[in-house]
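Presented below, as structure tokens, is a lone chain in the form predicted alone.
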Amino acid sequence: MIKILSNIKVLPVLEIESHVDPEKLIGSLIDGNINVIEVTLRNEMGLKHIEQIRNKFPEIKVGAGTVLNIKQLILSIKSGAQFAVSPGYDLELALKAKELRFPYLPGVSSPSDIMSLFKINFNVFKFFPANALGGISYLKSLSGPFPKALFCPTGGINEMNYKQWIAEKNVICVGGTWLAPKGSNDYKEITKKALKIN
């Protein structure tokens, strides 16, 4: 996961609804210099969108988000996803991703989660829900006992605060929906927001 996330600042988290054109959406993000995205499996079209995006836009890395079980992991891989992200962690799911050597970002919300995943050699995590858990001060406190842990905070992160998160030494990148909010089909605005990331 480090290879995939270390060269980006923001991982756009996309829930693509039926009235949004996936190709126009991804085109607008590419125009905004985005080259890694996460497509959530929060609706029944998620896997089809991953497949469609991978076929049409080979230049962009596509991850499957909200992967909750092994079945979804396998289906995501079959659809062409290049990595998977979960909001929390399930030991069997994490072990399956390891067995398949498939890039996987498990979600953590506590020191206990981190310790459990360290045991099976994970050290890059989604930190979710970031703001609700205690924000940057909570994340800072994790760097003491876990100096080797890297996080992709997601949840409550937006264009107003993402730079504060990225400035933390244990943050590899941030995840967020603000670049392309759920249901948004204002593609020019999406490109404009993406170009503002620095």
Ligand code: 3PG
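Quick caveat, the model's predicted, so the values are computed rather than measured. A residue's number is simply how far along the shown sequence it sits, counting from 1.
Keep in mind that the form predicted in complex with the named molecule is not shown, yet the notes after this line are about it.
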Problem set entry | Close approach of S184 to the named molecule in the predicted bound form, 4.5 Å, heavy atom | no
Problem set entry | G135: touches the named molecule in the predicted bound form, heavy atom cutoff 4.5 angstroms | no
Exercise. Taking heavy atoms only, is V13 within 4.5 angstroms of the named molecule in the predicted bound form?
Worked result: yes
Exercise. Quick one: is S28 in contact with the named molecule in the predicted bound form, heavy atoms, 4.5 Å cut-off?
Worked result: no
For this session: Could you work out which of K163, K140, K56, R42 is the residue within 4.5 angstroms of the named molecule in the predicted bound form, going by heavy atoms?
Result: R42
Exercise. Within 4.5 Å of the named molecule in the predicted bound form, heavy atoms considered, which of V62, I172, I157, I34?
Worked result: I157
Problem set entry | Residue stretch of 107-115, 90-98, 121-129, 72-80 approaching the named molecule in the predicted bound form, non-hydrogen atom distance within 4.5 Å | 121-129
